[in-house]
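Next up is one chain by itself, shown in structure tokens, the form predicted alone.
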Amino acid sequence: MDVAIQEVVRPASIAEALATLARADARPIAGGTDLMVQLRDGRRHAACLVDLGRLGLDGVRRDGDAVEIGAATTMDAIAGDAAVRDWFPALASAAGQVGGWPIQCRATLGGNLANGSPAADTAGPLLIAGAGVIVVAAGGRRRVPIAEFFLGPGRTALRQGELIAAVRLPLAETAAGRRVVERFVKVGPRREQVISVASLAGRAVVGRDGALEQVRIALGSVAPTPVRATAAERALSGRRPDAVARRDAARAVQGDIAPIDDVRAPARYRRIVVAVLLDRFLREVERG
């Protein structure tokens, strides 16, 4: 199918971009790795594309007690950024698994979120980080907690005429004597360049006695949106990640998800994969 684009606008300011995006037939574009495919396939429609390349929305910077990542920052830049790798290793890992390297050099953080996919690789790491999405509109800006950003497959909290400007990740110092284990892993029909059948982002803060002082688990591709595994987190809170705790968590996590059968995998397989990924993460936490 041909892409029926009639106009491409290259605004020089965010205000100019927002004015154009107020049109019902306009869509923003940065890397275009998702949008162009969807336009071609007829899953999304637009007569006007608003190119965000001149707005300075890329880059990673320290801002007080947070790290702020511009919406137009590419996956390759995120995966290679020292601050992201040090403070948010799960996000760095996820960014390095979005398609192949050529895709990572084009795909942006804002696009990965605005697409609204339950399989968005960066969503899980942002959930365990407690990130906020900075959204701008003609009337001002607002912060949307990442846990409230995804509304359903292909649907987000973005309103007509709004634009993702950045994602803000709060920094958390680790107390002396504690250790932190943070990981991202996904499973698909092949090792690379794949939309996940299931993914897990995990962050655990382990106390001196080996007990979990904090544990955050986020899952992708197993519910209508990326989700925090709150039942599994409660089952693990304050416990050592031993065999009994891992078993309890594997049972609890089944209540956190609502997988479906689709062309990539049946729901039953996804439930098994989630339990396995969780068990492997907790074993790694236990080993230290």
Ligand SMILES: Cc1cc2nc3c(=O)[nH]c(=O)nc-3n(C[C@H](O)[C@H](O)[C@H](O)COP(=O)(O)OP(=O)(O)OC[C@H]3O[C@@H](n4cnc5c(N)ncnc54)[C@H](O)[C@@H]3O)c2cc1C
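The first residue of the shown sequence is 1; numbering continues from there. Small disclaimer: the values here were computed from a predicted structure and weren't measured.
Beyond the structure shown, there is the form predicted in complex with this ligand, which is absent from this document and is the topic of what follows.
The stretch in contact with this ligand in the model of the complex, judged by heavy atoms within 4.5 Å, is 154-162, chosen from 154-162, 212-220, 139-147, 81-89.
None of V187, A77, V205, A119 but one reaches within 4.5 angstroms of this ligand in the model of the complex through a heavy atom, and that residue is A119. This chain appears without its partner; in the model of the complex, the one residue of L127, V167, L200, A114 with a heavy atom within 4.5 Å of this ligand is A114. The candidate spot formed by L35, I103 and R106 lies fully in contact with this ligand in the model of the complex, as each residue has a heavy atom within 4.5 Å of it. Among heavy atoms of L236, none comes within 4.5 Å of this ligand in the model of the complex. Although the partner is absent here, R240 is not a contact residue: none of its heavy atoms lies within 4.5 angstroms of this ligand in the model of the complex. In the model of the complex, none of the heavy atoms of V181 sits within 4.5 Å of a heavy atom of this ligand. The closest heavy atom approach of G132 to this ligand in the model of the complex falls outside 4.5 Å. Contacts with this ligand in the model of the complex, taken as any heavy atom within 4.5 Å, map within 91-106 to Q97, V98, G99, I103, R106.
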